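Before any questions on how it binds or moves, here is one chain, the form predicted on its own, in structure tokens.
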Amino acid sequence: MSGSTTLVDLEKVSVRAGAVRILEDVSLTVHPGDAVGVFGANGAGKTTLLRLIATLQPPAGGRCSVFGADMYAADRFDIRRRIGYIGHTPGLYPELTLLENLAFVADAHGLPESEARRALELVGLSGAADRRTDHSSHGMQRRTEFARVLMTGPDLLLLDEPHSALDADAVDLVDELVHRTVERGGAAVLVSHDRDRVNSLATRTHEIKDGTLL
């Protein structure tokens, strides 16, 4: 993997929504090979931290770079192709089939549709490829997102409560995604309430409390 050896570099970063403080003085460095677990109560700022790193939430202060790109710069969105983000709600087009969702992403990455079909097969959804997303269960939609990550091979994997409400096979898929990303020199950041599961994956962990990373 080319580029900076520091994938994420946050120093005293703050995020606000109007007058409301969400994150304050957050510092975090993520290097290739890291699997970072972040724990905290609901509303502590875990999801906002992931969205910040994913370029979905702008910082309000502090120094913030991802893959060497300044998060205040206009070209910060160029790094999104290197990030695999799976949030609480599946980021899929509901009116498209599961295959069409992956084919759309494959095309954006210069990959053939056959790679989308292969990815669905890897997560056990080859028989549901032509099912509309809004007619698919939550678990199937999550598996489709896992398939997207397997297909695109991001350098940075960001997972928000990845093990929540999954069957045993799907939980194993999450662990495989983290291992694959880290083993090829990427990194993962997982926010979760499931301490036991994340502790088994993480190279280090942090607590986030009232918007501050400890």
Partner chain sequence: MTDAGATPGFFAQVMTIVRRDLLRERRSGEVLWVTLPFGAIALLLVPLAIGTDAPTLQRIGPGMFWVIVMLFGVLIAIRQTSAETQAQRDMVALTGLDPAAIFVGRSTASFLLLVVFQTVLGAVTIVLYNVTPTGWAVLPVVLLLAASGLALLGTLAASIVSTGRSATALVPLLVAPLSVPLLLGATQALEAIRLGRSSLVWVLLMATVGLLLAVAGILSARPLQETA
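Here the structure is a predicted model, which is why all the values come from computation and not from measurement. Numbering follows the first chain given and starts at 1.
The following text describes the form predicted in complex with its partner chain, which does not appear among the structures shown.
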Report the residue, out of Ala69, Ala54, Ala170, Val36, that has at least one non-hydrogen atom within 4.5 angstroms of its partner chain in the predicted complex. Ala54
In the predicted complex, does Lys46 have a heavy atom within 4.5 Å of its partner chain? no
Looking in the predicted complex, any heavy atom of Gly110 within 4.5 Å of its partner chain? yes
With the partner left out here, check for me: in the predicted complex, does some heavy atom of Glu121 sit within 4.5 Å of its partner chain? no
Decide whether Leu92 counts as a contact residue for its partner chain in the predicted complex under a heavy atom distance cut-off of 4.5 Å. yes
